[in-house]
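A single chain, nothing else alongside it, follows as structure tokens in the form predicted on its own.
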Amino acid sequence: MAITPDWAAMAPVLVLAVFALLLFVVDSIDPDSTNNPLLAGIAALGSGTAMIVALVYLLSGVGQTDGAISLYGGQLVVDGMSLLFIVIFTSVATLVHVGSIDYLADLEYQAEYYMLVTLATLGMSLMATAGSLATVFVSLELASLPSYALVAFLKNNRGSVEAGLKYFLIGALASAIFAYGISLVYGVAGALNLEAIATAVAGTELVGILGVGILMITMGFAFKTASVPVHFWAPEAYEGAPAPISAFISSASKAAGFVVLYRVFVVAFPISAVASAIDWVLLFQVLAIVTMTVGNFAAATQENVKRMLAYSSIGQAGYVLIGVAALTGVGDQSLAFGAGMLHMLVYGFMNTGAFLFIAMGEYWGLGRRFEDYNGLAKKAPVACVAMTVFMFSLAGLPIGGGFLSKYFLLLGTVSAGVWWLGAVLAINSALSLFYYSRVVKAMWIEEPNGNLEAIDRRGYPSGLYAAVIVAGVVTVLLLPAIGLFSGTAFDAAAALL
């Protein structure tokens, strides 16, 4: 569907900007306000409206049936992939806003919290539409700076402050490496627009400089997606951050890293043009295998549920890397590429829901070890059903959309002639079932160990409960309804390749 004027295609991003300003105005009028439901309502309305607009655009073919919409000389590009990822960012942000109502009830700086989440979502949405390396860098920083502050939001909690500081320092180093890589690529190509770079680097004699530049840019993306070898910040940041922020960073922020990685490598560095400088398909195959394996083996050794989820999210990043690792030029290339997008869509709901469940445990003061969840199903059966869905869907069992997204990834690896990559995915998924099942066993089989009385004392957090249940229902519904998005994802992948 054509849309006029062209800038209207950026409506989801503009909605987020308007609501971020509205939160700023509300906070300016009454800086001491602790009207948490009002602030959360404004933030959730903003992200929810942006999600609906992006979803309507996506399903009506904006930027797809008539080709991608290019704005400001190609600095921004709206197409099927960018809209699909904006739906992911805004849906995660909406769940986090709703889930934060109870979590922030006794805390200060509530308006700042919601503003930072909204601004980070805005930055991620701009990352999805970035059409040049300059826009990529600016939008990446717009998403990253609020995230650093959000991880350290619990100012009186030493773990939160330390996690925020480490996240900031490592993030600053990664940004510097990323920016230096951009400068090397610019030195070779003389352009920052992604399509112009692809044209300029084809046949260049400066293959050494180009190869180092692409490698440094890869390191920047590896940090953002928590992929090996720049993954070590993730467990510290996720454990120290407020649990809703752990959900936000591990789902939306990771998806933002992947959408930029996908666009930059496919559009700016087509393997046929840069093969003499660096074989990035082989590089991502190695990264995918190591990231999957390191993340899952580390998760299997954890006794802390939050750290287990943090390491498992590293393993999940390895699965999504298959989307680019399978671009071997053999078979249906759009299958694995689109499957990577689908997995991020499903992962956004099941991983966000799992971390919000952990937030509920923190609200009740249960603790973070597996045994702290013993017998929880006797007190909160509906939430435990949702958590069971998240755990088994993350493992790839046919109880949620995670089963089909992994199935498409497996098909993509076979089609691309890298079946062994799919075999590693299957082995790691089997391993992940071991540690995900530990949570389910504790909730449903083990007897309570006397720490559940706090639930009766504090009551049931309605916002968190609602967010967890909605995430669980969507995860289940995506099993039969994934066809609504699979065609869009595969078409978006085919249009980009």
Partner chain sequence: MLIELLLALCLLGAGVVFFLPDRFAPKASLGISLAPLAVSLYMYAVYDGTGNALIDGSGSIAFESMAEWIAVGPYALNWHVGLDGVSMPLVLLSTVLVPLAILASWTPIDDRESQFYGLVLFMEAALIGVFAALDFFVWFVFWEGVLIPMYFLIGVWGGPRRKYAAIKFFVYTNVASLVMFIGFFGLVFGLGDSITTLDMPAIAGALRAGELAALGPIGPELLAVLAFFAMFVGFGVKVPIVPFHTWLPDAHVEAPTPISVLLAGVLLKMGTYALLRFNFTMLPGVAQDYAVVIAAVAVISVIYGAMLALAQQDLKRIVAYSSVSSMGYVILGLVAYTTYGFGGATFQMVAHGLISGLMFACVGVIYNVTHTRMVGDMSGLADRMPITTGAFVAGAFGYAGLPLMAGFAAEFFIFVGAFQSTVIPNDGMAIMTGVAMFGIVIVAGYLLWAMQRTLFGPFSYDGDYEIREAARHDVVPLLTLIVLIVALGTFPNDIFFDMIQDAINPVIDMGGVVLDYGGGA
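This is a predicted model, so every value here is computed, not measured. Numbering follows the first chain given and starts at 1.
As for the form predicted together with the partner chain, it is not shown, yet the points below apply to it.
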Exercise. Can Asp27 be called a contact residue for the partner chain in the predicted bound form at 4.5 Å between heavy atoms?
Worked result: no
Exercise. Counting only non-hydrogen atoms and a 4.5 angstroms cut-off, does Tyr460 reach the partner chain in the predicted bound form?
Worked result: no
Exercise. Is there a heavy atom of Ala40 no more than 4.5 Å from a heavy atom of the partner chain in the predicted bound form?
Worked result: no
Exercise. Does the partner chain get within 4.5 angstroms of any non-hydrogen atom of Leu411 in the predicted bound form?
Worked result: yes
Exercise. In the predicted bound form, do Asp332, Pro398 and Glu447 all put a heavy atom within 4.5 Å of the partner chain?
Worked result: yes
For this session: Name the stretch: of 45-53, 61-69, 451-459, 430-438, exactly one has residues whose heavy atoms fall within 4.5 Å of the partner chain in the predicted bound form.
Result: 430-438
Problem set entry | Contact residue in the predicted bound form, from Val382, Leu145, Leu206, Leu215 (heavy atom within 4.5 Å of the partner chain) | Val382
For this session: Could you check which residue among Phe403, Trp280, Tyr103, Phe168 gets a heavy atom within 4.5 Å of the partner chain in the predicted bound form?
Result: Phe403
Exercise. For the stretch 468-495, which residues lie within 4.5 Å of the partner chain in the predicted bound form by non-hydrogen atom distance?
Worked result: Leu479, Pro480, Ile482, Gly483, Ser486, Phe490
